[in-house]
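The form predicted on its own is given below as one chain in structure tokens.
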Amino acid sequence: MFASALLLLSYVLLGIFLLAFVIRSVRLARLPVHLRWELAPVPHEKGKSHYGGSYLEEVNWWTRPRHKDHAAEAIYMLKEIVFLKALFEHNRKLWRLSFPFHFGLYLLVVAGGLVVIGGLASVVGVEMAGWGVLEGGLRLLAGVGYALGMLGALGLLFVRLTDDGMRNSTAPVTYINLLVLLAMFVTGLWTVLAVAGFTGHVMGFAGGLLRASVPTDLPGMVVAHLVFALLFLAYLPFTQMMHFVAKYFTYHKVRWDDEPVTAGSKLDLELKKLLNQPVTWAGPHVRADGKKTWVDIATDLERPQEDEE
């Protein structure tokens, strides 16, 4: 009975995660075109990014082929994602806590990949004995990941509670996010250190999910941690932690979007459609009435007359 309940709960939480994650990711991808402006440097500007130049420097640039440096773009993203480069440069104090927090999560993602591999192997009947990378590597990655994540989460909670600037700008939901993660880190680290056969238990659980029959001999601490981990996954798509998906669009579709607008192109048609939307902004300086479009407002030569004293 208990195993069946755990199996059902796991499927429900994983289903919520997958469905919500896909829906929110699609919504992010389908957001309207951002306010287009030149933000330099753009890493994919081949031969020019190091000094902030762009293809607009070229004479008759619209007639010349564009050459993008995708390797430089990938290196920039790697530094930002793995090492939090921008945070390191602009807020070193917060980086010292945020880096171990994020790096711990990255290690847990890799550990999760090993769990999936182990679960698949057990389903197809592959013997796991002797797979040192999976057995020893999983315990090491998970232990270090949980420890780093726990230290980072505790530090971030402390800073946000004690620093006036951080406390005044932190939404209550941020504390909830950190507490949910902290519960997962603490129970995970406790499980790694206290439960013999940690690797076998979690891989057995993964294989059980694939076979629709989870093991009945899982230790209580393993079950508690697995429930916390699954709750975290189900909760994640509804929070600001989806920024790891939004970051792709922030860089590629906002900061680095320097595609030229050519007549009749997809981008041209999309921009025209947006410019012809009615404006309902309440600010008197906009002079919107719910009927005028952005084009009407931008091309309206009339100006409101100032009251004479």
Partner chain sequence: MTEGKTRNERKITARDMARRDLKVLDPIGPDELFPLPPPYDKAEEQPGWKELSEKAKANAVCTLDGIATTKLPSPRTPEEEKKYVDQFLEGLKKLLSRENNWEFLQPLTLSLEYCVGCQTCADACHVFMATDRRKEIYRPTYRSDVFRKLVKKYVKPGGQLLAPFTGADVELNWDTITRLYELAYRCHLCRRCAQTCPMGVDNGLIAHEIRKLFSQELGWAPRELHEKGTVLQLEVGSSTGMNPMVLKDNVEFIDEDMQDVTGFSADSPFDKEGAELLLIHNAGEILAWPENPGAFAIILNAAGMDWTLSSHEVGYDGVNYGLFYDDVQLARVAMTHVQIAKKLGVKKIVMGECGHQHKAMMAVADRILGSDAIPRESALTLLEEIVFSGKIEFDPSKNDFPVTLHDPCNIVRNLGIVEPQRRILRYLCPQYREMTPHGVHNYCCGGGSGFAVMSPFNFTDWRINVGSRVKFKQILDAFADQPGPEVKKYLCAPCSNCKGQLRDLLQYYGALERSGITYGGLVELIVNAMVDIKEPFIHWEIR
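Keep in mind it's a predicted model, so treat the numbers as computed, not measured. Heads up, when I say rigid core I mean the largest set of C-alphas that superpose within 1.5 Å between the two forms. Positions refer to the first chain, counted from 1.
What comes next is about the form predicted in complex with its partner chain, which does not appear here.
Proximity to its partner chain in the predicted complex, taken as heavy atoms within 4.5 Å, picks out 79 to 87 from the listed stretches 79 to 87, 118 to 126, 200 to 208, 105 to 113. Within this chain, Asn168 lines the site of its partner chain in the predicted complex, having a heavy atom no more than 4.5 Å away. In the predicted complex, Asp164 approaches its partner chain with a heavy atom inside 4.5 Å. In the predicted complex, its partner chain sits within 4.5 Å of a heavy atom of Gly283. Of the heavy atoms in Pro43, none are within 4.5 Å of its partner chain in the predicted complex.
Contacts between stretch 223 to 260 and its partner chain, counted in the predicted complex as any heavy atom lying within 4.5 Å, involve Tyr235, Gln240, Met242, His243, Ala246, Lys247, Phe249, Thr250, Tyr251, Lys253, Val254, Arg255, Asp257, Glu259, Pro260, listed in sequence order. Annotation for Glu270: C-alpha shift of 2 angstroms or more between the shown form and the other one, rigid core superposed. Residue displacement note: Lys292 has its CA displaced by at least 2 Å between the shown form and the other one (rigid core superposed).
Once the cores line up, the CA of Val279 ends up 2 angstroms or more apart between the shown form and the other one.
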